[in-house]
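Heads up, the chain below is alone and in the form predicted alone; it's given as structure tokens.
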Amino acid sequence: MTRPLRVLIALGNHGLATDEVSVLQVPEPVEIRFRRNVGRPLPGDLVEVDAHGGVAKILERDNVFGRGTSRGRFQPVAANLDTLLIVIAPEPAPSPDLLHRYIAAAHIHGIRPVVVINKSDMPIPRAPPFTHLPEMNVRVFRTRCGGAGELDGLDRFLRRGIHLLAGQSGVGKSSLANTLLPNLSLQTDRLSRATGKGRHTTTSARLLRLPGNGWLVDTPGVWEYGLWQMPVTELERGFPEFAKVAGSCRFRNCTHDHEPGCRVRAAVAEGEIAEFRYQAWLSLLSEQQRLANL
């Protein structure tokens, strides 16, 4: 049995993969074909491939990261992530709502959220949640991609595992990817030649080899990031600080909104849980109720 291959990009009923232990910093992609009875793999997946290039098996995933559609359905993007790199910048002004959504999604899937403050020579607004990231157990890197570039150790941090770049338009994700991947154009060209359709490499999530043994999932294009419809218990995983007290709520199915005997609301009143985090919870809870009514 040959070693499984790591999927680089998935396009309809076919895609590209490579030997994940290859020492090449620009992996040589091979074309693979998807079978309906096996399923469609995602960038980051490990797959077993038969002698004819068909995917015979998708190996068990650690997690799947994705987003919600306008109808609240889960749309997968990549698999087996270690880190969600949430890129923000002073300009455009960072969105607290978007930051809460990304952090919640990461926790729900068991992925580590990390915030990258790009254009760090400019000041970030002195307001929560940006001033409380360490208290939220979120690691922060401060980067600047102009000139020689300053990465604050981010390049070393990414030398192992699979990491996905996310963030609103204009924060410098492309510049950051170019700084982290000095051979980005070479990898993109190789994927483009292998597919024969270069446009796919700019419209689909793609897995790129970082210096060392790490991987970066690049998701080109503008995202308006929405969560998907889910049970309240799943949404609650996105707020790990609730777990310390939620078990003491009077009702097992407490939404922490209006129910009497809610220990979470009491913890907010006592300062044990930050008010801005509770308001973020109420916002996402309201969105879930709207999705449930579609």
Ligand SMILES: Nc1nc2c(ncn2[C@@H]2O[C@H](COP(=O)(O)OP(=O)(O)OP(=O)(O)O)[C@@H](O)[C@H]2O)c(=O)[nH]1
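One-based numbering along the sequence shown. Keep in mind that this is a model prediction, so the values were computed, not measured.
Note that the form predicted together with the named molecule isn't included here; everything after this is about it.
Visitor: With the named molecule left out of view, choose which of A127, L186, M122, A93 has a non-hydrogen atom within 4.5 angstroms of it in the model of the complex.
Guide: After the contact test, the surviving option is M122.
Visitor: Out of G212, P182, G170, G153, which one falls within 4.5 Å of the named molecule in the model of the complex, going by heavy atoms?
Guide: Flagged contact: G170.
Visitor: Have a look at 187-195, 131-139, 108-116, 172-180 and name the one stretch with heavy atoms inside 4.5 Å of the named molecule in the model of the complex.
Guide: Flagged stretch: 172-180.
Visitor: Even though the partner isn't displayed, in the model of the complex is A205 close enough to the named molecule, meaning a heavy atom within 4.5 Å?
Guide: Answer no; every heavy atom of A205 is more than 4.5 Å from the named molecule in the model of the complex.
Visitor: So in the model of the complex, does any heavy atom of C145 sit within 4.5 Å of the named molecule?
Guide: Close contact exists here: in the model of the complex, C145 approaches the named molecule to within 4.5 Å, heavy atoms only.
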